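Quick heads-up: it's one chain on its own, the form predicted alone, in structure tokens.
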Amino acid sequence: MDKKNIVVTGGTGFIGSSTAWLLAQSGYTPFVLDNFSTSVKPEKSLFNLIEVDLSQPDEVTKAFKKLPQIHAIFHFAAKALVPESTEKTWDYFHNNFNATLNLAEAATQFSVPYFIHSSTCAVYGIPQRIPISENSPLKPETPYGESKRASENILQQFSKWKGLSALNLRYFNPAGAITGSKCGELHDPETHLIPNIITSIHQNKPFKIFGNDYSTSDGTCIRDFIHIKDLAQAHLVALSFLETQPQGTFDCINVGKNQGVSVKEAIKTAEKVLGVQCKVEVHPRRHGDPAELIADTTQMKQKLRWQPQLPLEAMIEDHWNFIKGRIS
């Protein structure tokens, strides 16, 4: 196929860099736009790299003027720490909302037909029913979730009035690393379950369980995990889907596995994969943590004709191999 140029915003972060790598492996040409506010600027990049503050419309326009014809925008760039968003509400709306608005306008101005937005299950808030379908009420519990819902609405308006074809992919819990990519999860602070379990085991420090009195099978929260390789692949599949649809198509699709894993089950699986016992400490619940978040993936399977393949064991093993590669 002819090499198609793809803008990947936030392409030095965990999900963005993994997807950019898979795009390159699949014959696309990624152009990474990032301001490195939540990632480290690489000394050498495998991709075309442009430093830009996406919240500033003039900077976005200037960046797009430097680019060849772009086939699609994959928009990952966002502030995404849920607790921090309650303290820095303005920052989250200024960054997440404005970046999406400016990119949607750039898509219109520079004739980019397709836009895939990295959204989140946080738009649902505390769900009324499990599994969570795309028709569930949108009741975000935090400014982060609200900023992503607002970003989805922007794309819906640009789809309706400007003919932009857009998909909001509502992620659940990505984890792992793509072997050979040198891309992996390195957040500071790290708030995600699987990296924190592995760090606790590696450093021989207690892992903190926040709440063991939920109305679940073992009292701990249940989440739906998806391997980062599967999640990256979902974006390529989503683009192929949009390419077959009428211009101006708009949709929201959950991306998960439709499988619940409790905190205790994740710990036991990590112990089995790594062959090491994990120390634990039980702490009080964190405010706003739902007992269960599991994706209804019916729409993903029916519309994209695709589903994730890799199990929790692979997520744990691949993240551990990524960490070992950095410390060896």
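From 1 onward, residues are counted along the sequence shown. Please read all numbers here as calculations on a predicted model, not as lab measurements.
Another form exists, predicted together with uridine-5'-diphosphate; not displayed. Remarks below refer to it.
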| item | value |
| --- | --- |
| Exercise: residue 293 in contact with uridine-5'-diphosphate in the predicted complex, heavy atom 4.5 Å | yes |
| Proximity of residue 242 to uridine-5'-diphosphate in the predicted complex, heavy atoms at 4.5 Å | no |
| Residue 97, heavy atom within 4.5 angstroms of uridine-5'-diphosphate in the predicted complex | no |
| Contact of residue 250 with uridine-5'-diphosphate in the predicted complex (heavy atom, 4.5 Å) | no |
| Candidate stretches 84 to 92, 209 to 217, 158 to 166, 128 to 136 - the one whose heavy atoms come within 4.5 Å of uridine-5'-diphosphate in the predicted complex | 209 to 217 |
| In the predicted complex, the one of 60, 300, 263, 270 near uridine-5'-diphosphate [non-hydrogen atom within 4.5 angstroms] | 263 |
| uridine-5'-diphosphate: the contacting residue among 223, 257, 148, 75 in the predicted complex [heavy atom, 4.5 Å] | 223 |
| Partner contacts in the predicted complex for 283 to 298 (non-hydrogen atom within 4.5 angstroms of uridine-5'-diphosphate) | 286, 289, 293 |
